[in-house]
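Presented as structure tokens, the chain that follows is alone, the form predicted alone.
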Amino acid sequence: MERVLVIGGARALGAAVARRAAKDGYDVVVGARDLAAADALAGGIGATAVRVDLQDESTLAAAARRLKDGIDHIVTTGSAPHDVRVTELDRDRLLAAFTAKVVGPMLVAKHFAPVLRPAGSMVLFSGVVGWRPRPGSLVKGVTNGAVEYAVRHLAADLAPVRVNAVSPGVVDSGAWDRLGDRKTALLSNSADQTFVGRHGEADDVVDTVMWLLRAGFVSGETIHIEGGARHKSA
């Protein structure tokens, strides 16, 4: 049975990936900063849990030691949004955003390279904002864009382990529920900005992630899952 570690696996798209991987017969390890939340999800899907905080390298090293008998795939969904204009940048939050999206996954690769099986893979998360510059999206845009280059270079460094990224558009993953009534308007507006006339669903992203785990001839690529939004004029 292949083993997959889902970092950020206790909530939103990470949890959706963990649930699907368990359903598809993978040995799932749910990695999250909040170990209690990871344990709760893991207990419901027959998985195990481990504390992983992309902002704390010591947790990555400890997780790799715990899983030293081998990992086939790693999916990392972490993010730390800092959605402000350039004049409002906070240095600590800026660094946290880069750590969640770019530095953290690179350090995951550092510590897990010795235990990643040669036919395995890593999947990072980017996002459509990287290709659609707008005021207030500077940090999210640059960090998401940097993921594309990170996977290219990680793929070369970790070969034959494959490294790819998925880049979702606006997806109804549960992350927008906090907006209340404004969620409907956000999703409707997102649908208008695509070629396909709808917003994304969690399954759109999860289907792509699961395909990448099995796509043995794909490496160094970023797969865009946003209905063509990055090509459509605003």
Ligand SMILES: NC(=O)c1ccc[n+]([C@@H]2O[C@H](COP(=O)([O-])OP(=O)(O)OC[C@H]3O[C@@H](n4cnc5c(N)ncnc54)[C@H](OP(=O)(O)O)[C@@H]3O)[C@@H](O)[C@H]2O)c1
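Note that the structure is predicted; figures quoted are calculated from it, not measured. Throughout, we count residues from 1 along the sequence that is shown.
One more form of this protein should be noted, the form predicted in complex with the ligand, which is absent from this view; the next part is about it.
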Of Ala40, Ala61, Ala175, Ala191, which one comes within 4.5 Å of the ligand in the model of the complex, counting heavy atoms only? Ala175
In the model of the complex, does Ala21 come within 4.5 Å of the ligand, counting heavy atoms only? no
In the model of the complex, is there a heavy atom of the ligand that lies within 4.5 Å of any heavy atom of Ser126, even though the partner is absent here? yes
Does Thr48 reach the ligand in the model of the complex if we count a contact as any heavy atom within 4.5 Å? no
Val170: touches the ligand in the model of the complex, heavy atom cutoff 4.5 angstroms: yes
Report the stretch among 110-118, 87-95, 72-80, 150-158 that approaches the ligand in the model of the complex to within 4.5 Å, counting heavy atoms only. 72-80
Val102, Ser137 and Gly145 all contacting the ligand in the model of the complex, non-hydrogen atom within 4.5 Å: no
Scan 4-29 and write down, in order along the chain, each residue with a heavy atom lying within 4.5 Å of the ligand in the model of the complex. Ile7, Gly8, Arg11, Ala12, Leu13, Gly14
